[in-house]
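Quick setup: one chain, the form predicted on its own, written in structure tokens, and binding and motion questions come after.
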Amino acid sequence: MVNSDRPYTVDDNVRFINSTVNSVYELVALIPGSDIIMNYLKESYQHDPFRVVLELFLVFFAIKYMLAKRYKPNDNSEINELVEEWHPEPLVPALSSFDRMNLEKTPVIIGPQSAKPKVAGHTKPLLNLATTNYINLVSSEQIKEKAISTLRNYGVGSCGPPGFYGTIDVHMDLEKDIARFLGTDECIIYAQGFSTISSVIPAFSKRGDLLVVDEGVNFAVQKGVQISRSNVRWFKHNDIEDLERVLEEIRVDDLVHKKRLTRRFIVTEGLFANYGDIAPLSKIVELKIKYKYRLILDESQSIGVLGKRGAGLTDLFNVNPTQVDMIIGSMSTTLCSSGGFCAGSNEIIDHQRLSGSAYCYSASIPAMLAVSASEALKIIQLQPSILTELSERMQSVRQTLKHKSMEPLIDIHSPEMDSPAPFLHIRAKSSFLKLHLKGEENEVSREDEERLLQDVVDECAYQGVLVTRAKYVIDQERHCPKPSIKIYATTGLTKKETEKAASVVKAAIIKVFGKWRRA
């Protein structure tokens, strides 16, 4: 007989819980297939208890959701009120005054592009210092005739990606021509210049891999680095000592923490689009070999203009092209075509034919543009003297703009008279801007600096010379360069015309800077 006066102990609670659990287990065991579920839960809990908890939570949530009372409005008035209160967000933000200025000041070229284009709002053609048509192949009759002939034979577009009926003989011929010109095993062509480098980098460097990148690289390279989701270390722009410091820090850190071996790349430009200076390729190759990295080199600005043959930095520094793992470039500058390319070893190229997103999912370039690029390469190889002419034109521009009267006003990037770069950047001198601060200003705003340079651009156009401000995606650039006017040289203008155009730019700077903020 149970003594009802005995106090309820902890042992009684344990016995009650055990009996209840056993009863529930016996009931569950009667369900067909329950033994399989129980064994699954036991094994899962042993290997990953968090997963079991998460799955049970989802099951209970689903049951509660299905059994919950569904909400139904009593009538349509509530729905109508919600509809009336809803206001859609604008698809694009409202334009600022600076955005409107950029749109209004964009020059409109009437007719074909050339060294002396017709621009809307101007009665006479302007001398063009705002084009990457460096060696004037845009006006080549040889290329035009070949392009027209190809258009009649192949039509306009390929209507498909390269791997799916988008590749024809002229595409394969162009790949062979570029590989032969650069001295690499093989080459692959892409349909867009911007997406070439931003596709090549993530094709090889993945999450957990390491990229050591020059902080002065252009926007397309930055996007490729971002898309790769790799670990990134930045080194100071074009500073070989800082690059070696970063590589050494990584090596020591790996030894201390015994990190696993990953794919590693050094990423840089040959001729920097944002600064006009040239990477010391021979020294970078030495560090690449010393620390066992692969090298990705963007030659979009340097292909066709640097080196004795115009083959870029490997030609300029007499470096064996096989020591650069990937040579990437654009065909929309000197080669007067469209798209981009990546040259390297057979393994490097074959990998991209299945892993290069911009190659796999974009229609291949039109046949006439592929033929145009091939013809441009032939002209460069047959007429190397045009590269000397281009260098002379650029020296004329530098010599005019480096006059003593310009020293208090502007900085020139890069300023070396013997630099083979076919363009330069003009930026307002910091000391000049400080002298023209208003009221409590600590510094001149970027917008005011841009407007100052735009006034110079307008004055040049009024005097018969077409120049342009360098444009940046300010909110997305990692290190957005200072506002600048970008001056290009072209063999489409004679030496006398180039000197005249440079003198106009010089006079416009002196005039506009002299009047700025005087009121």
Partner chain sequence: MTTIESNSPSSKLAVPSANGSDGKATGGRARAFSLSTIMAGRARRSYSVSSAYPPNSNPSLYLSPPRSSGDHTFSINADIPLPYPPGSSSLSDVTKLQQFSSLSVSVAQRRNSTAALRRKYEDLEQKLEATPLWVLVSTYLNYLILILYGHLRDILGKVFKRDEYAHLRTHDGYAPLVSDFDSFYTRRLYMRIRETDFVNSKNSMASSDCWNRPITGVASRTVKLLDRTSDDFNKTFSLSGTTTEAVNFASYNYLGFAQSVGECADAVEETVKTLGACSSSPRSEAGGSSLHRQLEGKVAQFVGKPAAIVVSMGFATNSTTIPTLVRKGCLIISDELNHSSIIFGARLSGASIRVFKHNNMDSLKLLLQEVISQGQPRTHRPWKKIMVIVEGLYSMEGSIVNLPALVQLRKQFGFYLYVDEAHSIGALGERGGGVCDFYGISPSHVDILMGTFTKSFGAAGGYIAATKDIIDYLRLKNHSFAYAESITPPVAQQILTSITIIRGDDGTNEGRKRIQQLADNSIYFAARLREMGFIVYGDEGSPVIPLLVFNPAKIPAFSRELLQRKIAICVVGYPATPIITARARFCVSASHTRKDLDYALEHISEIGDTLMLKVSRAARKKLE
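Think of the rigid core as the biggest set of C-alphas that the two forms share within 1.5 Å after superposition. Nothing here was measured: the structure is a model prediction, and the numbers come from that model. Residue numbers count along the first chain shown, from 1.
One more form of this protein, predicted in complex with its partner chain, exists but is not displayed; see below.
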property: 4.5 angstroms heavy atom contact with its partner chain in the predicted bound form for residue 476; result: yes
property: Its partner chain contact in the predicted bound form: residue 270, any heavy atom under 4.5 Å; result: no
property: Contact flag, residue 151 vs its partner chain in the predicted bound form, heavy atom cut 4.5 Å; result: yes
property: In the predicted bound form, residue 131 touching its partner chain (heavy atom, 4.5 Å); result: yes
property: Every residue of 317, 378 and 498 near its partner chain in the predicted bound form, heavy atom within 4.5 Å; result: no
property: Stretch in contact, per heavy atom within 4.5 angstroms of its partner chain in the predicted bound form, of 399 to 407, 443 to 451, 380 to 388, 259 to 267; result: 259 to 267
property: In the predicted bound form, the one of 159, 435, 417, 255 near its partner chain [non-hydrogen atom within 4.5 angstroms]; result: 159
property: The unique member of 282, 238, 395, 332 whose heavy atoms fall within 4.5 Å of its partner chain in the predicted bound form; result: 332
property: In the predicted bound form: members of 202 to 239 within 4.5 Å of its partner chain, any heavy atom; result: 204, 219, 223, 226, 227, 229
property: Core-superposed comparison between this form and the one not shown, residue 61 Cα displacement 2 Å or beyond; result: yes
